[in-house]
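Below you'll find only one chain, the form predicted on its own, shown as structure tokens.
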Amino acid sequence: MSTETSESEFSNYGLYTVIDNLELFLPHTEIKIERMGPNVFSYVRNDSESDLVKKIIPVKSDQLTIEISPIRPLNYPAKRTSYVYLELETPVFLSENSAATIFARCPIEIGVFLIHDGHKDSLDCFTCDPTNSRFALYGVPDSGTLCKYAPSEIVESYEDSIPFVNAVLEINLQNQLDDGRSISKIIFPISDNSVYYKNSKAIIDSIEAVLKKKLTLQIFDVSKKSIQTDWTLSPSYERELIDMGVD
């Protein structure tokens, strides 16, 4: 598979209607959809690790409609957790009783959805950044939380996501303690955060992260905050392994 496609030649997120054939180019990934016969299409995905995915798609009409969109990073290298561990490449220092808002990059995966009868079916999912798709354990070995791990760069705005590799989310930080603290990592469940796209960019629902005291403990409380945006809401990809060769 050729890996020389420049960023300007990548396909965009969105809806695609296929009458005869379609080729989509993403980082290290090519997708080809071709008509095999009346009301039947083939789907082929090839990536830089020589993983080849082939599917046959019968349809009720003489065309096929799909949607390519960013999805939550929960399927690779395996579906094991709903938590994301962002390690900030530049820690943020908050003095006592202060607050700050940052924009940080967060990994994503790509979902392919078959659209028919007003419904969207999960057809395929993959990552365009397999070498950096890995887990980390937050906490002690016997009771820690398994997380999808990624180093995260603080950026200026929602426009700074890397196409098909990561999204940008707003993080609202607060320090309610009586002394200053450096924040270098954010761990949160991403399963309730929606993902949105525009052209080849992606954003995620923001989070609130509060350092505070609860009884005798100092805790870092993280919660989701929905955003208002005119970007397109991505469908949710739910990948469940089912017996009898169905997935």
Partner chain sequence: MVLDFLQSLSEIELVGGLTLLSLLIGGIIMAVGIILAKTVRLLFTKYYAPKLSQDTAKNFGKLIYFGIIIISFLVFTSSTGVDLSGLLVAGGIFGIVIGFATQSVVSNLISGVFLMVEKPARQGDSIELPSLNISGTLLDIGTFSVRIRLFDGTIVRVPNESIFTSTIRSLTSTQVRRSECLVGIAYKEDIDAAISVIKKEIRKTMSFVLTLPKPEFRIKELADSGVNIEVLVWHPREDWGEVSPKLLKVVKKALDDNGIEIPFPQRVIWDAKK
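Positions refer to the first chain, counted from 1. This structure is a prediction, so every number in the text was calculated from the model and none was measured.
Missing here is the form predicted in complex with the partner chain; even so, the following discussion is about that form.
- The partner is absent here, but in the model of the complex a heavy atom of E87, alone among D121, D160, E87, E96, sits within 4.5 Å of the partner chain.
- The closest heavy atom approach of T127 to the partner chain in the model of the complex falls outside 4.5 Å.
- At least one heavy atom of Y149 is located within 4.5 Å of the partner chain in the model of the complex.
- Although the partner is absent here, Q174 sits far enough away that none of its heavy atoms falls within 4.5 Å of the partner chain in the model of the complex.
- In the model of the complex, the partner chain stays beyond 4.5 Å of every heavy atom belonging to H116.
- Segments offered: 165 to 173, 152 to 160, 108 to 116, 133 to 141. Contacting the partner chain in the model of the complex at heavy atom distances within 4.5 Å is 133 to 141.
- Annotation for 68 to 91: interface residues with the partner chain in the model of the complex are P77, A78, R80, Y85, E87 [heavy atom within 4.5 Å].
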